[in-house]
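One chain comes next, on its own, written as structure tokens: the form predicted alone.
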């Protein structure tokens, strides 16, 4: 039994949906399908989810949202017309929007319900299209599928009892089409996962039905060992471990939402990334364990938009609870951290810049000075993180030496090195403007 998830680019148009239908018909084991909302048809296009967010924000601001709604309806009308199926879904979209805005839910829950319309409507369209082709298929709402989540708008977490409900899908004989991205609380409120959460739904469903394989269809033939926007024609990765993919996803690889693999990982279900436009290509398989290769490094990932909160105090190492107090200040202000490299008298906290607004920065600095009495406290913005990833690195001599040599060749100064906290990655912090040069040099060092 296979669970197949199709991303936004795979369902962006009627032409793409025809490809999806052919892929489903090509393998009778593909019995559970999870879909995203329609993505971009071209670089200049707008994703349906972005249109829906703009719609929700217009309503929240008290502005007219008819233009955004019209654009959403036109997208779905063009798809249904080209596929030759009923455009009933456009009527349902308008009804859903009016129903959400007239409800007594909070603004956060209303926005979640509006954002979810894209996935929900596309699942209905695909189900209708499969039926028109003579297949036994049905749309299944996440509530009916048994996807129950925590009451955290925009960042819901799956409840364990969902897996027991999802397992019952194995009994169904027809093809089941489920919208991704959202679930329901125990008291019936629609709540979404974080952005990109359709990947999370696919992984949850695969784990729930105990699938033999979870296929994630996107618009690339495989995962590349480095961002192809930085390095031209990089090498493809044919196999990865869950740990490697998790590290790469976190550090800027856009193929997967970085939380998406966790349910599949826990259930030991192999994941295959495939291209909707080239479904018979090899793709990239992600497994729990794999044979070691000659090159212990499988990929290089990078991401910008970080800052470093630096705190220094003489004899910090002897001051009981210093680190805890510092992190408590961040927690009180609703700020999550990424890494905490430290020395004897120094502690740095790496934070995404979006987490620390100017207002929060002022509060945090003041509290650190008042509560911790440091010798120095400052913030350095404009940082980027680069991660070298591979299961075999911790047992291979010379990886760090090769990496630092590459940074030297790229004439990029290292602000931070973090090794040892992860068995599968080596992390470097640099100024954001040096990212492309550093990544190219690292690729040259490890892959050419």
Ligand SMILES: N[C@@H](CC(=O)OP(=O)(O)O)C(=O)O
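This structure is a prediction, so every number in the text was calculated from the model and none was measured. Residue numbers count along the first chain shown, from 1.
The protein also exists as the form predicted together with the ligand; that form is not presented, and the subsequent description refers to it.
- When you look in the model of the complex, the only residue of 197, 283, 263, 179 with a non-hydrogen atom within 4.5 Å of the ligand is 197.
- Put simply, residue 41 is far from the ligand in the model of the complex: not one heavy atom of it is within 4.5 Å.
- Interface membership of residue 68, defined by any non-hydrogen atom within 4.5 Å of the ligand in the model of the complex, is ruled out.
- When contacts are judged by a 4.5 Å heavy atom cut-off, residue 30 does not count as touching the ligand in the model of the complex.
- The closest non-hydrogen atom of residue 37 lies within 4.5 Å of the ligand in the model of the complex.
- Contact with the ligand in the model of the complex, defined as any heavy atom within 4.5 Å, is confined among 5 to 13, 20 to 28, 436 to 444, 423 to 431 to 5 to 13.
- Residues are counted as partner-facing when one of their heavy atoms sits within 4.5 Å of the ligand in the model of the complex; in 117 to 146 only 119 qualifies.
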